[in-house]
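Single chain ahead, by itself, as structure tokens, in the form predicted on its own.
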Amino acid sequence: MYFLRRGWAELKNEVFVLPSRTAVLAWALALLVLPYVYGDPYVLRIVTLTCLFAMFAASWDLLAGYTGQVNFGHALFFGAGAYASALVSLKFGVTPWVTVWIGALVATGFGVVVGYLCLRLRGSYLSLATLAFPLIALGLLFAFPDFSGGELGVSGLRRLATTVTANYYVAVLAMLAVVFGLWLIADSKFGLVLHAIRDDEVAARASGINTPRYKLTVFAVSAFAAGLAGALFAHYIRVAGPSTLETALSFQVVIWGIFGGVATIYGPVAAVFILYPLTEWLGSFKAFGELRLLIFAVIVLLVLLFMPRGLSPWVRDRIETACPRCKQRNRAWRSACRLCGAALQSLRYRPR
């Protein structure tokens, strides 16, 4: 009974006080009950893949949004996790429940290497340098086709679970754990240091912050999350192929991040849950079969044109407002701050 009262108090005082937090809770609960409400296998498959790509997008946002290390080769970590888990599972007969963690650790190793090699680079130089690593990895895979499967990749993998619903819950629970874990990291003191590095790395170093150590750490954490997503993806579709390392996937995650809103964690996740099912749904119509990518591009351009900070920050600014005194966020329709009681400026008159 004590835990129920404590849990209700936390929900009432920390979650239900803000519309954005209430929406996140409703979204998480909807994912958990979806198979019982609408258990169509095709829908569950789309949502499962959406969850895996949401993990991938959130990992990119921690690196690019919070630290300013815009990675154009983020697919390297996704593909490293997929290939490492697939090869260990096939070559040594290890259960996928173990190999997915091996894939995530291998991707972490790649993240440390890439981060170390790119420590002195910033801006466009860093982005172009990271773009080369997936291409190098693809070249190595094609050079040893007997080991990696070449252009066909590695197939015949075992899934983590035998039923559609069980695989769905594996993806959903993994995504919720990774996304909320990354959000906690970004909202901690570690996240504040990442903000400082992004805004002015020279000033951060002058203040005594060991910026190379923090940049290596965030590369490793981001790579771990992306590698775990790649390993789960490979075992779900039962194939680890060159598509997991393609440049198109790296640019896709950049689009998700910018569309949803960088430095938010939840923004890229929301973008994936909007754009990926939308493109799949449009592809089911013959009339849109050839035009779905064009429609996708138009939607992205419209969002970037009218919502330059991304979709999620734009929506949040319409339903919440920050207190001018204590900086705590409140419902937009409140006239006084819920914590300090200061008068809140209406969104209608907020300067742009």
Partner chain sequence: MMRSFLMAVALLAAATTAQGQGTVKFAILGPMAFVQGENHWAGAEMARDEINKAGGIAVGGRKMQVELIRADTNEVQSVPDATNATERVISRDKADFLIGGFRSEAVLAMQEIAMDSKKIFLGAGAADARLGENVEKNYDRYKYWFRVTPTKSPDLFRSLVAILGSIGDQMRQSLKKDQPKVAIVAEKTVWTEPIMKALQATLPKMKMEVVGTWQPSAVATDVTAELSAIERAGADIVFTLLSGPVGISLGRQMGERNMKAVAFGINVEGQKDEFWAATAGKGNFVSTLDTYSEVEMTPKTIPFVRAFKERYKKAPTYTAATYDAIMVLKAAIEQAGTTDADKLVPVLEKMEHVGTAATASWDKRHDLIWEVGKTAGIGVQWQDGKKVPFWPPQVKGMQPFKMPAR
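Since the model is a prediction, treat every value here as computed from it, not as a measurement. Positions refer to the first chain, counted from 1.
A second form of this protein, the form predicted together with its partner chain, is not displayed here; the remarks below concern that form.
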{"property": "Non-hydrogen atom within 4.5 angstroms of its partner chain in the predicted bound form for each of G73, S127 and L302", "result": "no"}
{"property": "Contact residue in the predicted bound form, chosen from G191, P96, G241, P134 - any heavy atom within 4.5 Å of its partner chain", "result": "G241"}
{"property": "Residue (of T217, T165, T211, S155) lying close to its partner chain in the predicted bound form, criterion heavy atoms within 4.5 Å", "result": "S155"}
{"property": "Residue contact check: V315 to its partner chain in the predicted bound form, 4.5 Å heavy atom", "result": "no"}
{"property": "Partner contact for H195 in the predicted bound form: its partner chain, 4.5 angstroms, heavy atom", "result": "no"}
{"property": "Non-hydrogen atom contact G283 with its partner chain in the predicted bound form at 4.5 angstroms", "result": "yes"}
{"property": "F53, heavy atom within 4.5 angstroms of its partner chain in the predicted bound form", "result": "yes"}
{"property": "In the predicted bound form, segment of 61-69, 320-328, 36-44, 307-315 with a heavy atom within 4.5 Å of its partner chain", "result": "36-44"}
{"property": "Its partner chain in the predicted bound form - contacting residues of 160-184, heavy atom within 4.5 Å", "result": "none"}
